[in-house]
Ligand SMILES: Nc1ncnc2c1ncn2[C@@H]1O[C@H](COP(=O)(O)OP(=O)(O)O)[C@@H](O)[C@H]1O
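Next up is one chain by itself, shown in structure tokens, the form predicted on its own.
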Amino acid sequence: MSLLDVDDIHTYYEHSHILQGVSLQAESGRVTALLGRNGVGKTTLIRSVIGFTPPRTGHIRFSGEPIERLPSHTIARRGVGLVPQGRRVFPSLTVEENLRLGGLPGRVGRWSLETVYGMFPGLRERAANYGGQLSGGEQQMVAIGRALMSNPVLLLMDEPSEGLAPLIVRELERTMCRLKETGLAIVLVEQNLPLALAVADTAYIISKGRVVFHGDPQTIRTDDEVRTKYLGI
């Protein structure tokens, strides 16, 4: 059974019908990539899973239990972490304070301040620096580390490479590979196609609010028609 099972969800922003019957599965220890052009509903799917924008119809099951009507803080406590688009690091808090904000009382596991610093040694050196003093790459490390502090079993990552230099993107790729080796399930929204295909075990392409492709990332690499028709490249 999949860890996350999204079944025929329809999500709206007021009267705009954004997701039109989307289904998706994600499994532990695997990266599930969500691909597609801007504005097709990828971030809305992330928001639907975490509870920010619940679907009007359809079902979302996490570890076999329905979560589509739960508030986002309850979904987080059940083991869903979020690395939001734009990182959302608090500029007036230190690195350590930003990280500690991610902790959830009662949730225990492999991730603590020490293990996050072990994953991102540079953050230990910058622990007393304020979020506003960090580079984009350092802020992304904080955003990932903050999400890990909640000890999730599913991590939702929304455009993590956005605005990062190529060298930092390669480090991000290595980080995601290390995370899935721990058994973490990752749902990745990513415009950087080489990065997404390098880390993904399975891929979905969304177009106009619908899933138009689901399969092996290798197919996207080698099928010019799929890339041209659905990704515009």
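Model, not experiment: these values are computed from the prediction. Counting begins at 1, following the sequence as shown.
Beyond what is shown, the protein has a form predicted in complex with this ligand; the following relates to that form.
- This ligand in the predicted bound form is approached by Thr43, whose closest heavy atom lies within 4.5 angstroms of it.
- Using a 4.5 angstroms threshold between heavy atoms, Asn38 counts as touching this ligand in the predicted bound form.
- Under a 4.5 angstroms non-hydrogen atom cutoff, this ligand in the predicted bound form lacks Ile220 among its neighbouring residues.
- For Val211, no non-hydrogen atom is located within 4.5 Å of this ligand in the predicted bound form, even though that partner is not displayed.
- In summary, the region of this chain contacting this ligand in the predicted bound form, judged by heavy atoms within 4.5 Å and restricted to 163-171, 194-202, 177-185, 30-38, corresponds to 30-38.
- Shown here without this ligand, the chain has only Ile18 in 14-28 lying with a heavy atom within 4.5 Å of that partner in the predicted bound form.
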